[in-house]
Each structure stands twice: as structure tokens, then as C-alpha cells.
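Quick heads-up: it's one chain on its own, the form predicted alone, in C-alpha cells.
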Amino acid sequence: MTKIILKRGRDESLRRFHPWVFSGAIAQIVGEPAEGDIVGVFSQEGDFLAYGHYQVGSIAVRILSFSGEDVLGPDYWVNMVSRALNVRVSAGLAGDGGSTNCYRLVHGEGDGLPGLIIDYYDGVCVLQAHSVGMFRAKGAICEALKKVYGDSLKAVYDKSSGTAPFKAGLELVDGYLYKAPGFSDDEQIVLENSNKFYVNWTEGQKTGFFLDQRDNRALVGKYSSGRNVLNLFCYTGGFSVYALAAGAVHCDSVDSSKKAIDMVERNIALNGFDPSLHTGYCADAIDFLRDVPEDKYDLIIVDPPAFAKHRGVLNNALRAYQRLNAAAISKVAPGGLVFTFSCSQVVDKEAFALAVFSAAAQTGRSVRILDRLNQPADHGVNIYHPEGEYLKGLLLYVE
């Protein structure tokens, strides 16, 4: 096994269990590792520190184990998947066969598996590898899923073409790693807090559904009764379904994707709502807000895609958040609510709050923060890797 020897004094982060080794911390590579190989990481003094996946780039090693366990053996993957599932069972999201049958099973660093995402949709596991090592290990990961879930596993679908590093010479073609006999669907209906949703993992964004907003969708439901609701960047209409289920007077859903709007309409029908209570609009969110009467909506949801995927565009992203939130705050009816979010990892809570503060100041309206919002338990954050806390939001009351 290749040895990665760190520069003197650059081992402190690993001794504090941070799961990344940056290329600038490496003094010597003993061996010729290929991308995705498992390597051992050692201090300048020769102390063993960790095992991890090697990759060319700023993050040179993603840590799989800080102990001497056999990370090359099949038991490693079964143990890690089992541990991740146990967390979801403890959180009440898995194993009860009740009102929710979809959840994130593996959340990268949050579950000690950097570079791996697995979402579970009522027996179907959708895998996304964000590193070469996880992409190369997907066969072993699939076998672990089969052992952990047994006969209840319907399929394992690999959707890594948009996430795995394309420069590594990988054959990035999405497809099934496993199908149970008789299973032939690319879409199925799942339950989330008793609400029904179509999930299409082959054609939908990410793995097919945004599981990270489960708790925030429930909170929207808590405040929606008797209100006119506007759901911007609605995707498949998760917030819209929760709002109508809770007694919203009417809900408008806006997205620039016609496919997304079509899926919203299907989800509205799936849950049995009167179609007159909902209208879908294929439009740009800012353009739509520009023409909205100022007293039409008394609850607005602002849940845009990540405006900043790297720090080089951070300032532009913050300006975009400010512009968007100013438009929403200026148009919500007096006494109305604005749920606003950022899923950009490089935008921290303080920066996002400052952008929303600036937006509020720009409108001149009186605004209170009623709640600070984040990601749910199945998107847990490794305490030694605070970078994993990517979803942040604010619930605003606007006079």
C-alpha cells in the first residue's frame, strides 16, 4: 500500500479527525498510487494516522478510517452501511414502515464515507460517487447494500455521471448495479410524512428528490393554513404539497423547468387536491416576482439552487441572494412569512444572514427572524467536519 507522508506539523488536523488531507500538506508519496487507490497516511515521524482514497487535486486523500481496520475487506462496507442505517433508524426515519419511506442513507463525511451519497426510496438505493475511490468501489458498495437490506432491496442505481471527476478517465455512464427479479421501474411513489411523491431517479435532478428539505417542508405546512402560498424554484413541488395538505387557500408553484412543473402537477393530483387550489408556472423566479401584486401572497418560499459551487463566485452569489430576497420581502403581504434558503456550501450562515439583512434593509420593511433552519438528521454533520453543514435558512415575519 502506498504511503502518504505529511510535512512536519501538518498532521494536526488528522489527529483532530478531520477527514481530508490537502495536497499542500504532503511531504512525500512512497509508491505510485492510481487515483482511487486506498493509501496509508503517516506523520513525518512515522506515526500511522489514517487510511483513505487517493485523488489528484487539492483534496489529495479522503479518509475512510482513522484506525487500523481492514478498509480493503468486504466487511468494511457492510459495517459502514449498517452503521449509517442504524443512525436513520435511531432518528425514526427507517425501519418503521410508517409515514416516511425515503431518506438519505449515506451522507458523505457525515457518515465517515467522504465522496459517497446514497439516497433510499422505498427499496431503491440511488448512489452518487463524488470521488474516484468511491466510483471504483461502487460494486463493493452495492454488495454491501444487498447484505444489509436483504430481500427488501429492489434496486441499486448508479447516478455518478454528473458527480464523479470526469478528468480521471472514468466511464461515467449511469445505470443499474442491481435489480431484484421482476423490478423494472425508473420511477415510483414514496411517502414523506404521509405525503406522496413521484420520484424518478433516472431523469430527475440529483437522485430524484430533495430529501434535505423534509423538516422544513413540515414547518411550511405548520404555517400554511389559510394562507396564499408562492413556492419559488419549486422543482417537484414538495413545499406546495405540504402547504396544500395543511390547508393553504391556494398555492402557486414557479420553476424555470417545464419538466419540473409537469411533475408538480402530477404530485398535486397524486395527493388528491382540488386542481383549482394550485397553479404551476414555468417562469424565471425574479421575472415572476416583478409582476406579482404586493398583497397577493402571505407566505413565500425562496429555495434556489446553489448560486455558489466554489469560492471564486461567492461575491456574485451573495449579490444574487440579496437581490432575490429583496424581491420576495418587498412583495409579501403585511404580516406575511418568507422561508428563504441557501444550499451553497461555500456560503456560511453568517454570510447568508447578512445577505438577507441587506435585502430587508433595501426594502425598508420591518422584518423579524422567527426561526433559523437547517438540514435534517439523515444529512448529519460530522462534528470534526463542519464544512458538511451546507443547508441554511431563515423564517422571516414581514410587517
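One rule holds for the numbers: they count along the sequence shown, beginning at 1. The shown structure was predicted, so the numbers you read here are calculated from the model rather than taken from an experiment.
If you look for the form predicted in complex with a small molecule, you will not find it shown, but the lines that follow are about it.
Proximity to the small molecule in the predicted complex, taken as heavy atoms within 4.5 Å, picks out 230-238 from the listed stretches 230-238, 160-168, 245-253, 142-150. Every member of the trio S257, A285 and P304 reaches the small molecule in the predicted complex with some non-hydrogen atom inside 4.5 Å.
When the small molecule is considered in the predicted complex, Y103 lies well away from it, no heavy atom lying within 4.5 Å. By the criterion of a heavy atom within 4.5 Å, N193 is excluded from the residues contacting the small molecule in the predicted complex.
The shortest heavy atom separation between F210 and the small molecule in the predicted complex is within 4.5 Å.
The small molecule in the predicted complex is not approached by N271, whose heavy atoms all lie more than 4.5 angstroms from it. Note on the partner interface in the predicted complex: the residue among R136, R88, R217, H278 having a heavy atom within 4.5 angstroms of the small molecule is R217.
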